[in-house]
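This text opens with one protein chain seen in two forms, each one given by itself as C-alpha cells under the names structure 1 and structure 2.
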Structure 1
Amino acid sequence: MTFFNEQPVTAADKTFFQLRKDIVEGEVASGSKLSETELSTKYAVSRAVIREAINRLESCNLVERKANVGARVVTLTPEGLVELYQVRESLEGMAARLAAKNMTDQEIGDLNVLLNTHFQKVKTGESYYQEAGDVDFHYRIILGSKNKHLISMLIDGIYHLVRMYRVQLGMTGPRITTAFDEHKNIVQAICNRDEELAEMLMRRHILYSKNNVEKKLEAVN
C-alpha cells in the first residue's frame, strides 16, 4: 500500500503526525482537552511546535479550537458520522466520475491488478481486504480524479476522521464480498469511461457502506 508516502521534515511535522496517530487510534481520548504545556513536555518540543501541530489538526477536523480557551479532540457522534458519509458520497462520487475521465489506461490496468489481488484474498478468506484494501481502492480512485482540491479535501481533510470512527467504534466487520462486487462494478464503469455510471455506483457504494456502519452503531448502543 503506497498510502502514507508523506514524510516529516520539521519537528512540527513529526509532532503533527504523531499526535494525529494518537488521536485517531484513541490514545488521546475523544473529547479530551489538548493542553499546550502538557503536550510540549510529553512530546519534548516547544509550545510553538505544539501550537502549529494543533492548528493543522484543526484543519483535519480532528480537533476544535476556541480562542483564548484551547483545543479539544472532537467527539464522535452518530450524527457526525452521517454528515461525514454525506460528504464522502458527494466528493468520492465526483472523484469516480473524474477518474473515469482522467485516469490513464495504465492506471486503470493497475487498478484491475489491485482488484484481482483482493479477489484472491477474499477467496482464501483473509480479512486483510476490508481495512487496507478498501482504503487503497478508494485512495487510487481519488488520486485518479487528478483534481487537486478533491484529493486534498478527501485525503488531508476527512480521511483520518473516517479512520478515527472506524477504529474507535470497531467498524472492521464483514461486508467484504459484497463490497468487493461493488468495487468491481465501479472499475468496470471506469474502464468503459462511463462517467455517469461510475459516479452513481460510487455514491451507492458509499451509501451502502454508511447504512452498514449505522447498523453496527445501533448494535453497539
Structure 2
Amino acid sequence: MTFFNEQPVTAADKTFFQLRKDIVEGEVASGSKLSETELSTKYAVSRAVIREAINRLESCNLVERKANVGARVVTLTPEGLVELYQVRESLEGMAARLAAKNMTDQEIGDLNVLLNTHFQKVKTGESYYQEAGDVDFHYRIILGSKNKHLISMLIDGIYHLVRMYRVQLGMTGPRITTAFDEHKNIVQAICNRDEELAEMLMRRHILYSKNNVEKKLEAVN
C-alpha cells in the first residue's frame, strides 16, 4: 500500500508539501493572494521553487489563477463544497465497493486496528482530526480499491481540497461520534465483502459529512 507514499525527493518537493499542508490547515488563509516574493522569504527558497509549488497546487485544486489577479488560495464556499462533495460521494462510494472486493484480509485487519486507535481519541472527546496520508481512514479505503485511475482522481485530484474543508470546518463537535460509528459500519461491510452495502454506507457517510461542513460554512459566512 505504498502507491502514494509521498516522500520529498527534492527541495521543491519539500516546499510544495509544506505549503500544501499550510493551506489545508489554514495557516495560509483561504482566498488569500500568493506572493512569490513573500513566500520565497517565508520558506527560505528561490522564487522559481515557489512558482513550481504554486503550479502543482493549482493542479490539485488548492490554488486558482485569475487574469490580472494572479494566484490565490481557493475560497471555501457553500457552492464549492456541494460540487466537490457530489464528486467525492460518487468516487469514494465506488472506492468502498471495490475495496470490499479487492482489499486483502490483512489490509482489512489493519483498517480495524486504525479504527481502534481512532476510538481512543473519540472516547476522550478529542477533535476527530486525522493526519493526511496513511493513517487516514478514507485514504486507506481509496488505496484499497486497487484501481489506479480512481486512486489518481481522488488522491491527486480532489483529496487535499476535501481535507481543507474537513480540517478547517468539519471535525469537531457531536459529529465526531456519529462519524466514527459510520466508519465502523463501513469497515464491517468491507469485512463481510458486501460491496453494495459498503458503497451505500460510504455515500451516505459523505452526504452527512457534507451537511455538517455546510452548516459550519454558513455560520462562518
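FYI, numbering is relative to structure 1, first residue = 1. In this text, the rigid core denotes the largest set of C-alpha atoms whose superposition between the two forms falls within 1.5 Å. The structure displayed is predicted, hence computed values, not measured ones.
(message) Please identify the form predicted alone: structure 1 or structure 2?
(response) Note: form predicted alone is structure 2; the other is not.
(message) Does Lys21 shift between structure 1 and structure 2 by 2 angstroms or more at the C-alpha, the core having been superposed?
(response) Result for Lys21: yes, a 2 Å-plus shift.
(message) After core superposition, I'd like to know whether Arg72 moves between structure 1 and structure 2 (criterion: C-alpha shift of 2 angstroms or more).
(response) Yes, the C-alpha moves 2 Å or more.
(request) Note yes or no: does the Cα of Val45 move by 2 Å or more between structure 1 and structure 2 after the core is superposed? (result) Where the cores coincide, Val45 still shows a C-alpha shift between structure 1 and structure 2 that is 2 Å or more.
(request) With the core fitted, just quote the Cα shift at Arg163 between structure 1 and structure 2, in angstrom to one decimal. (result) With the rigid core fitted, the alpha carbon of Arg163 is displaced 2.8 Å between structure 1 and structure 2.
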